[in-house]
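One chain comes next, on its own, written out as structure tokens in the form predicted alone.
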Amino acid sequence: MNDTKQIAELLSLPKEVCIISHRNPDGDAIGSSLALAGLLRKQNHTVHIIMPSEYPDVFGFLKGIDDVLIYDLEPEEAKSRIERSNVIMCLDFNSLERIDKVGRIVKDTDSTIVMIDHHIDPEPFYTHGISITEVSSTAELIYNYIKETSTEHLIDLEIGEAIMTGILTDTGSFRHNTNKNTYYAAGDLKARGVDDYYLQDKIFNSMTEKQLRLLGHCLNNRMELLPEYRTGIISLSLQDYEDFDIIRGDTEGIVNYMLMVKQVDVAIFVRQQAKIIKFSFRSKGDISVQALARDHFNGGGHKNASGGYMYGSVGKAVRKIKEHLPDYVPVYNQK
């Protein structure tokens, strides 16, 4: 689905626009939102960005991020801005469940709702949408929207850095989810002055000592390898959260380290939080962790990168993974 023409017509005159992205925003959610906000402001729209929850500190260097309104911290102000908007732009999610309480507010408004996203199986909560799963990131979709509406002359360094941030983070520095157009977009942004080396350093070389020690703990004490399924599992308990004083963003990217092992094709990261167990699934090649997340862990996402949740204990979660893993991952000959 590509309603670029209808969306451009909708935004042909200045409007009050609210950009919303998902809870626990990642680099793509943040980058795509900031990039679109920058574009729309140059087109004389009044724009507000709302996130359901706080963003990781690592993205604090991006210009304009201080203007993002966090619903968890200022619910009444966020609600007011959503309700008085003419247009609501939903970025990097395709189900209102992904924005929790904000979803109920969006559902009850009379605003025109636009969805721009690259995840599979979108729910029909929007008026117009751009939903293309083959694209690397929502940030790349924003770049494509700019190109298709012939507004690339409006791309400045701020917009370019935001788009590149979304592409870099959702592709793992071009290690997955890429296609030839992803590299074209990145090359064009670099030609416009975006310093990808600077962005990579800011995003991927900004760990604190605590985060590095937590990573060591996960790999040394909490990682279990299942050679017959070429799978690695890391699980963190509430006690781990207390011992390491884990806060939002501290566990970002840990799941990917298991895929650095030559004999691992599937990585699963299990986190016990106050009332829920959260999962991150990653895989290589043709193995679909999206199917596993969808069928058994109330989740979904991409073929090689998905998330999910359940209620219960860490032990129960790991047992459930092992129970269902054989239906989705081939058994390997270990000789």
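Note that this is a predicted model, so its numbers are computed, not measured. So that there is no doubt, residue numbering starts at 1 and follows the sequence shown.
Not pictured, yet referred to below: the form predicted together with guanosine-5'-monophosphate.
Between the options A305, V47, V58, L62, the residue in contact with guanosine-5'-monophosphate in the predicted complex by a heavy atom within 4.5 angstroms is A305. The shortest heavy atom separation between K15 and guanosine-5'-monophosphate in the predicted complex exceeds 4.5 Å. Using a 4.5 Å cutoff between non-hydrogen atoms, G299 counts as a contact of guanosine-5'-monophosphate in the predicted complex.
Among residues of the shown chain, H119 is one whose heavy atoms approach guanosine-5'-monophosphate to within 4.5 Å in the predicted complex. Within this chain, R81 is remote from the site of guanosine-5'-monophosphate in the predicted complex, having no heavy atom within 4.5 Å. From the list 65-73, 274-282, 32-40, 48-56, the contact stretch for guanosine-5'-monophosphate in the predicted complex under a 4.5 Å heavy atom rule is 274-282.
Scanning 85-110 for heavy atoms within 4.5 Å of guanosine-5'-monophosphate in the predicted complex gives just one residue, R98.
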